[in-house]
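Take a look at this single chain, the form predicted on its own, given in structure tokens.
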Amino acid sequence: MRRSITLAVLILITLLFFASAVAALPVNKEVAGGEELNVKEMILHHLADSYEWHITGNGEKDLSLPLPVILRSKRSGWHLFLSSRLHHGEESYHGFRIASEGKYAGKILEIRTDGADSRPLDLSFTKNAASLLLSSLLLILLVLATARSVSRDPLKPKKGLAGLMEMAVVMIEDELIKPTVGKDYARYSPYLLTLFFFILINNLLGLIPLLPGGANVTGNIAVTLVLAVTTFLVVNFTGSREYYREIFWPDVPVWLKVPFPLMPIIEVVGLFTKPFALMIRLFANIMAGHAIVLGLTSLIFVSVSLGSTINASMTAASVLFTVFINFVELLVAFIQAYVFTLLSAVFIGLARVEPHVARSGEHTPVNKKTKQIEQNS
């Protein structure tokens, strides 16, 4: 019975993984008519943010969830309406339209009286923003459910979701946070645990083709920028005095610090390269995974004009490789959340550095018990 359930779950996951790529592809009139599919344009379109949450469609009729559009125009003030007003054949609504090309492709522009377009203040509720709120709500519910289950009977082993969450928390706490942060680990555990689960949940939701998944949240550089800046602020606002002494007056020969502060400049640059590496690492890995899945699935449509035999073989290869990459993406989703949390913990641990014990010209503080032992010996 248990083996049958496991097999059914694996089959369901496999079908969902392949559907995640097929559901994202544009089966429109141009492809059906034999024209060549622009793979680059298609991939970039599906990786970008949008004003609606696309669910499914056949090219002629799409099923999408419209999202609120919030704009502020310098001429007419604030505007609030659904994104469906800018679609379904309407070129503009109240003087606004979505640009199809150019510098602001995919963004809302305001049509001015002189014929030129300008960019209004755009605070719209996009797909990535909606997915961020959904994932945050899901994370809060998971944490509260786990905390309630543990508080009822702390000594009883947990099963199901509560047991999985408890196992993950203990693993991150004992194997990652404690060894890297040091004695002040309890102060930073809430932030680092939240960081890990937030990234993991958004990575996993990005692999699901339908609501509430399908958004490229952690593959959006704006999101990874905010996460990296948050770690940067935590590291530098809680750093010890010794941490800043090593930055502005490191233990190197004096001629590397005076008259030209070569080493302090390098250390200061290092302050900004660390969060930059965090931002690019997460963004590039998640975006590349989605791009590979879409690229492999597009082989089905690219090979349509090459004949039925070649198209059939390419379809089979596309299915196999797409499912394989999606399973790899499951592992990548965990690894990237783990690595981002690990590097953040390492940077925090380096910022909590203590004064060196053996430094020339300084005396190590000795407590009374140690001094008494030395005198007796």
Partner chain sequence: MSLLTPEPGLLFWMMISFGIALLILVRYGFPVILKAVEKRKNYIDASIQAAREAQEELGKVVETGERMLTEARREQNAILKETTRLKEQLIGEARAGAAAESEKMLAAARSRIEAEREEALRTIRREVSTLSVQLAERILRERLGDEQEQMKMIDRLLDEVDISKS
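Positions refer to the first chain, counted from 1. Values in this document were obtained by computation on a predicted structure and should not be read as measured data.
One more form of this protein, predicted together with its partner chain, exists but is not displayed; see below.
Residues within 4.5 angstroms of its partner chain in the predicted complex, judged by any non-hydrogen atom, belong to 156-164 and to none of the other stretches in 246-254, 156-164, 294-302, 207-215. Among Leu44, Ala317, Ile335, Val328, the residue placing a heavy atom within 4.5 Å of its partner chain in the predicted complex is Leu44.
Between its partner chain and the residues Val181, Leu200, Leu109, Leu227, the one pair within 4.5 Å by heavy atoms in the predicted complex involves Leu227.
Using a 4.5 Å cutoff between non-hydrogen atoms, Val269 does not count as a contact of its partner chain in the predicted complex.
The shortest heavy atom separation between Thr146 and its partner chain in the predicted complex is within 4.5 Å. Heavy atoms of Arg119 reach within 4.5 Å of its partner chain in the predicted complex, making it an interface residue. The closest non-hydrogen atom of Phe125 lies within 4.5 Å of its partner chain in the predicted complex. Contact with its partner chain in the predicted complex holds for none of Phe232, Leu262 and Leu342, as no heavy atom of theirs lies within 4.5 Å. Looking at 192-215, the residues that come within 4.5 Å of its partner chain in the predicted complex, counting any heavy atom, are Leu193, Thr194, Leu195, Phe197, Phe198.
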